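Encoded as structure tokens, the following chain is the form predicted alone, with no partner shown.
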Amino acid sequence: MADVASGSSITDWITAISQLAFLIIFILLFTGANQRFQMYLWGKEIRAGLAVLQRYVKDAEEKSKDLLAKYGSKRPKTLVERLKDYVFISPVDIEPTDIIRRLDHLLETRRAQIKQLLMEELTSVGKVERYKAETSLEILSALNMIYKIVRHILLLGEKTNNFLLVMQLRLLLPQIMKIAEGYRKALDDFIKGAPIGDSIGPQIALHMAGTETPWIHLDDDTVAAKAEYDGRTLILVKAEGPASNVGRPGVAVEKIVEEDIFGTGKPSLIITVDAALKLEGEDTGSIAEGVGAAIGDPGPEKIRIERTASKHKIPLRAVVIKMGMEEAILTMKKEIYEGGVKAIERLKEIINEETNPGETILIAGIGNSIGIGQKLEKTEVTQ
């Protein structure tokens, strides 16, 4: 009888504990306490990520200040503080009329303003060093913006008790941290002046022209050259290297076609070559071809290429080399270089299949020309 009583007592205790646990869970669910606790845990994880982001920003600030001081700036701290939060306000898009012209004007004004500031501040160094300083400030600005946006969303979510907002930020945090880590590493690579993954387009243009072929300026940051391939005339366009800049390939293509700068007549084919973000599962350095202007541009340069090709009824082809976002802004990997070699062979196939001897082909190597120099002629085309 004692054993039966003992067993019944244990069963009663288990039942009571189960009912109590169910009641607690019900109260938590009914009052939303579980969500507040979960939001607290997510907020703690996000704040840990914010601390890392803040460290990245501080590190980029110090490196930018050191670089500016090295190049002769007398007020590196003031310059960094001024350009760290330099704002670009997009043009009105509710009225699309002439939006590209307005966007181009704003982008060019921004570029000219920053360029002028650095020219006035860094008087003892050349273009390559000034572009390194400009790029370091751009990376600092990007990291600072990432940090501020993450902080804003977290504080707003906590302030308004928005469970879903904090949850979405927590789910996106690994991707955000990966992007920020890429920028952090890229700063060192840009300061060193090594070619990056995005330099593959200019490198291909340089290879197609030949290292000894002289190039001419089409504007301050964009150069062009003429070469021969299999009985055809090639006109190559790239950003001027080895400075860290992407040039104005749209302006260059428009000027070459409209003004016949090289005296070769209208091109029978325009090909753009650029890096392209790969999808997960795709191999770094794999290539693809298609139709259109392969250029990661806000709009003005790309539309110039499209309009020029459309106006003169010139076929517009594209060859892209696949890579990840981090790979595009870090020192060029072997796989990307090898992809460039394959892209050159694909370019030759396209030229042979779609043009005839005696015709002219315009090839624009799109991308950042950091570390990709060229031999310049003394005679230059002026704007």
Partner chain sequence: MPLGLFDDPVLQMFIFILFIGMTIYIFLQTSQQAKKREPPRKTYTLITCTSTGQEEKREYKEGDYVGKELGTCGDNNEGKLIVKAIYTEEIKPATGKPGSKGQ
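Keep in mind that what you see is a predicted model, and the values were worked out from it rather than measured. Positions refer to the first chain, counted from 1.
Although not depicted, the form predicted together with its partner chain is the subject of the following passage.
- Heavy atoms within 4.5 Å of its partner chain in the predicted bound form belong, among the stretches 331-339, 314-322, 354-362, 57-65, to residues of 331-339.
- Residue contact with its partner chain in the predicted bound form: Thr135 places no heavy atom within 4.5 Å of it.
- At a distance threshold of 4.5 angstroms between non-hydrogen atoms, His207 is in contact with its partner chain in the predicted bound form.
- For the chain shown alone, Ala194 is a contact residue for its partner chain in the predicted bound form, at least one non-hydrogen atom being within 4.5 angstroms.
- Its partner chain is not shown here, but in the predicted bound form it comes within 4.5 Å of a heavy atom of Thr211.
- Contact annotation for the candidate site: Arg36, Asn162 and Leu165 all lie away from its partner chain in the predicted bound form (no heavy atom within 4.5 Å).
- Here is the short version: of Gly182, Pro300, Gly296, Pro242, the single residue with a heavy atom within 4.5 Å of its partner chain in the predicted bound form is Pro242.
- Counting a residue when any of its non-hydrogen atoms is within 4.5 Å of its partner chain in the predicted bound form, the one hit in 149-184 is Arg170.
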